[in-house]
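Have a look below at one chain only, the form predicted alone, in structure tokens format.
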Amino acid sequence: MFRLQGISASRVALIVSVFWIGSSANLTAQGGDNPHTSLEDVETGQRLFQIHCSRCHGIDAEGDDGPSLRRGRFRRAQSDAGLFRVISDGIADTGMPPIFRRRTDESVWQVVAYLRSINQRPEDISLPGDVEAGRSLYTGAGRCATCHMISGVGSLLGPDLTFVGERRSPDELRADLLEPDHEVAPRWWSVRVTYIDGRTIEGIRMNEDTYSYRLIDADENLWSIAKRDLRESQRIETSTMPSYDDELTVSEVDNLVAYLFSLRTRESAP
């Protein structure tokens, strides 16, 4: 996935100018089909989304103050033209405002293209793996529940996977399994601290402020640590999850991806 902080200031300025200034200021939806669906359109739409929409919907559209937009369906619009109108006009009497007045049709369609790219319906995606075999692998030899939780069963040492199929595409899930360091959210960074007396503790950073850390260690013990008692601390931005690249066969990875992608709610996104 792209990250906003990875875009240069000049690139952001260019994207903003494309979004706000254009030959067409009239954003009435032009028919039912999106005319801007190339890979380049999707990538531009993602960057535009991160600039203009992520404050409410999260940097990866997973939800924040606003709802997640990765659940496969949209409650208020199903067609591309409907999404175009929602993005352009907002939704009355809700927290969803319209996109600001000066922008182009093309840029709105590009945001629509990005949202479509992350919301392919599961029934439209053909996966080589077997869901039930993946479920058995998750609970058995894969040892996934030693770090992750599904529907209240498992551990707190990694992300809750109850609805992971809504947040991650099959390709993203595969990358999570094979290259866990490729994208580690700050929520899952670790910290290794050394007390003045030489004792060390390492754990997932649950919280940090000016004066203290709260860590959870590999045994799920919760530590509250005053920074004034430390000799040093080291932030670790790699994942605590091991790579399955050399642990599982190709078919086993396929099965595990199929199972994880099946973990979705039955409800549509708002």
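Residue numbers run from 1 along the displayed sequence. Superpose the two forms; the largest set of C-alphas matching within 1.5 Å is the rigid core. The structure presented is a predicted model; accordingly, all values stated were derived computationally and were not measured.
Here the subject shifts to the form predicted in complex with a small molecule, a form of this protein not shown in this document.
- When you look in the model of the complex, the only residue of Ser136, Thr94, Ser151, Ser79 with a non-hydrogen atom within 4.5 Å of the small molecule is Thr94.
- Listed residues Val86, Leu127, Val131, Val193 were compared with the small molecule in the model of the complex; Val86 is the one with a heavy atom within 4.5 Å.
- Taking the partner from elsewhere, His52 is found to have a heavy atom lying within 4.5 Å of the small molecule in the model of the complex.
- In the model of the complex, the small molecule sits within 4.5 Å of a heavy atom of Thr146.
- Although the partner is absent here, Arg47 is not a contact residue: none of its heavy atoms lies within 4.5 angstroms of the small molecule in the model of the complex.
- The small molecule in the model of the complex is approached by Pro67, whose closest heavy atom lies within 4.5 angstroms of it.
- Residues placing heavy atoms within 4.5 Å of the small molecule in the model of the complex fall in a single listed stretch, namely 236 to 244, out of 223 to 231, 209 to 217, 34 to 42, 236 to 244.
- Asp64 shows a C-alpha shift of 2 Å or greater between this form and the one not shown [criterion: core-superposed Cα displacement of 2 Å].
- Lys227 is not among the residues whose C-alpha shifts by 2 Å or more between this form and the one not shown once the rigid core is aligned; its shift stays under 2 Å.
- With the core held fixed, Ala218 shows a CA shift below 2 Å between this form and the one not shown.
- The gap between the Cα atoms of Tyr138 and Gly63 is larger in the model of the complex, by no less than 3 Å, than in this form.
- If you compare C-alpha positions, Leu177 and Ala61 are 3 angstroms or more farther apart in the model of the complex than in the form on display.
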